[in-house]
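The chain that follows stands alone, in the form predicted on its own, written as structure tokens.
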């Protein structure tokens, strides 16, 4: 971004430009979107776009940052809605994975960004999501410590969260996967449980 939006009017303009970027990419796709299309969608001059963003890539990066923050909030809301504290680990894992896959599939913008994950700064979207998982998981394991006395919890959470996210992303963007979604979700859930459950000797 060229300049940080400090005044209310500037913040509103940046939000308007990001809304326009989101709507245009969802409709035209990443490759079919230009800054002129975004300016038209926002109802502003191209000069107004360049006042805040030097190019399309900067708009996409800022949009991904906003999408990541929104995704993190949605996940935390979902965790409260289903009350994960009352679930066992298998149920928590299944619920989170199903919600993640559904969220990607139902939103054309998210799907388009995920589909182009190697060409955009996808970490701007995924890092807040990873953080949301960690924030939700740590209190859960503290509350259920007697059932899941996990050593190296943070490391193991990092591995299972990122393994699950990237496997789910790859699955969703494949056109002709031979794996059934139900089977994938169950296998990922089993992996999470096996990694985090205590080893019985």
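Residue numbers count along the first chain shown, from 1. Keep in mind that what you see is a predicted model, and the values were worked out from it rather than measured.
Separately, the form predicted in complex with another copy of the chain exists; it is not shown, and the next lines address it.
Student: State yes only if every one of 173, 184 and 191 has a non-hydrogen atom within 4.5 Å of another copy of the chain in the predicted complex; otherwise state no.
Tutor: Yes: each residue has a heavy atom within 4.5 Å of the partner.
Student: Contact with another copy of the chain in the predicted complex for residue 74, defined as at least one heavy atom pair within 4.5 Å: yes or no?
Tutor: Contact with another copy of the chain, no.
Student: Evaluate residue 130 for contact with another copy of the chain in the predicted complex, applying a 4.5 angstroms cut-off between non-hydrogen atoms, and reply yes or no.
Tutor: Close contact exists here: in the predicted complex, residue 130 approaches another copy of the chain to within 4.5 Å, heavy atoms only.
Student: Applying a 4.5 Å heavy atom distance criterion, does residue 118 contact another copy of the chain in the predicted complex?
Tutor: Yes, residue 118 is a contact residue.
Student: Can residue 126 be called a contact residue for another copy of the chain in the predicted complex at 4.5 Å between heavy atoms?
Tutor: Yes, residue 126 is a contact residue.
Student: Considering 114, 82, 89, 101, which brings a non-hydrogen atom within 4.5 Å of another copy of the chain in the predicted complex?
Tutor: The residue in contact is 114.
Student: With another copy of the chain left out of view, choose which of 39, 169, 58, 26 has a non-hydrogen atom within 4.5 angstroms of it in the predicted complex.
Tutor: In short, 169.
Student: What residues of 155-172, in sequence order, lie within 4.5 Å of another copy of the chain in the predicted complex by heavy atom?
Tutor: Residues within 4.5 Å: 155, 156, 158, 159, 162, 163, 166, 167, 169, 170, 171.
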